[in-house]
Each structure stands twice: as C-alpha cells, then as structure tokens.
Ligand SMILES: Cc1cc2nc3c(=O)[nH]c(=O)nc-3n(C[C@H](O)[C@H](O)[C@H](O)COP(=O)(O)OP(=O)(O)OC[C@H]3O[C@@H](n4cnc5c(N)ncnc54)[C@H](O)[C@@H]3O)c2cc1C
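A single chain comes next, written as structure tokens; it is the form predicted alone.
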C-alpha cells in the first residue's frame, strides 16, 4: 500500500490579535486559510484539496477558548473543543442537547482538537453541532474590518461548505439566548457504525411547556445530512403546538419532517432510506422527549 502524501509547504502564523488576522486575510486572499483545531483543514491539505500558502492559527485570539454563561445566555468561543463543550458545567446544566451533540463528534481523541467554530464554519450538512445550534437559536459572531457582527444560525449556512462569513472575517464566538425553562432535548444520529462516523441522518428534538400554545407544549425540530443545509422544520413544530401531544400528533409531525427533507443518493445511503430514517428518528425523538416532559405535568 502506498503511503499518503504529506502536507504541502506553507507558512504558519499563530495570530494573537483579530487585527493581525484581518490584515493577513486581506493581504493574502484565497492563499490564506484559518485554522482552529485543524481536524478538517489538515486532512484536506494532506489530500490536496487545499494548498494554502499561509495557515493562520486563530485559537490563541482573546476569548476564543472561553465559555461564559449569564443572564443573557451562553457565549462559546469559536475555538472551544468538542470535549470542552461537552463537559462544561454551564452547558450540561442549561444546554444538555448541545453537550450531547458535541459528544457525538468522531472519536474522543478528535474531540480534543475539533472545535465548535470549525464544525459550524465547514458548513457540512452532517455537522453534529449545527442542529443543536439551530434548536437553541444560536447566533454566529463574526469579526472583520468593520468590527463585530452576528447572524442567526438559521441564516448563516447558505449551502454545502458555504456560509455568510466574508473572506476577511473570523468567526470568534457563538451566542445562545437563555433556553426555555425545563426544556428537554435529544440528539439522534444515524451512521454506518455506532461511533465516530459522519451522520447519514441526524435529528435534534427539543420540547418545553408553553401555556400560550394550544397544545400546552412547543417542540423544535432540526434535521441534518438530509438537505443542502441543516434546517428547522416549522411545519412539524406548528402541528405539535396545535395538537395534543401523543402518537397521532407525533406521526403527523414526523411526516412533515420527512416532507421537508431533500436527501441525495450517495455511496453511503439512498435518498429513500434517508427519508424513512428522518421519519423514524423524528418519531423516536418526540416520544423520548415527551416521555420525560409529560411526566412533569
């Protein structure tokens, strides 16, 4: 067996200030690449997909490794690793669905390097933290020549591998508003094997009590790996807000989720199989959430 090719030659800069990164991105354009954990970038460089002349390591920028929770919600630095996210007390206490999704990424060793910012910026439809980021209505914080701006996660992804991040901007953090009290969530991921695989289909379900909903509860549902971008399913959520929780409403919501999916055929699974699994995993997730949420009535 022939050995894999090594990395191409490149210049490496460990940046210490956002202005330095913005200047380098402006000067070098497409010849520069940002790196946080490097778990995707270095593989693509090794395989020849990327050949940057300059790699800018941004994980040392101020705040990039910080997690903070307060009255305004949660702020996660973009270079926080998956293992750090999955084990942080504030995340476990208030956003356990986010911790669960982070803990499903690849292997333990890879989660020591892989970052939430990298996972989101890659804009892969099968990224594990994207559904939870949509469920919790996260906002992506970007820093560029004109200062800081943030965009909703629902608008951030524009296609496979494409986002609203401009070429001279850095994703520095993800902000999450306070979640509804006593919410229950679950993340269901189907892969070719139990651990470490990319999702063939993923479904995040979050439920909470809301007296303003006719049903008395509201659910949020997000799908991964079954459309060009990760997506919420408002049609299913509307059904669940209107109809009393139970098998009939859950089945209609699962049908709506399947209708919202637009999967493709590829070497890992057929579109028809993915459609069926969207239905099955949505139904399973709704049952699991209601099994806990309903007991708190």
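No experiment lies behind these values; they were computed from the predicted model shown. Residue numbers count along the first chain shown, from 1.
What comes next is about the form predicted together with the ligand, which is not displayed.
Proximity of residue 43 to the ligand in the model of the complex falls within the 4.5 Å heavy atom cutoff.
When contacts are judged by a 4.5 Å heavy atom cut-off, residue 165 counts as touching the ligand in the model of the complex.
By the criterion of a heavy atom within 4.5 Å, residue 225 is excluded from the residues contacting the ligand in the model of the complex.
The ligand is not drawn, but in the model of the complex it has no heavy atom within 4.5 Å of residue 210. Out of the listed residues 97, 174, 127, 134, 127 is the one that sits within 4.5 Å of the ligand in the model of the complex by at least one heavy atom.
38 is the sole member of 234, 38, 246, 63 with a non-hydrogen atom lying within 4.5 angstroms of the ligand in the model of the complex.
Look at 214 to 222, 85 to 93, 104 to 112, 176 to 184: in the model of the complex, residues with non-hydrogen atoms within 4.5 angstroms of the ligand sit in 104 to 112. Residues of 172 to 189 placing a heavy atom within 4.5 Å of the ligand in the model of the complex: 189 alone.
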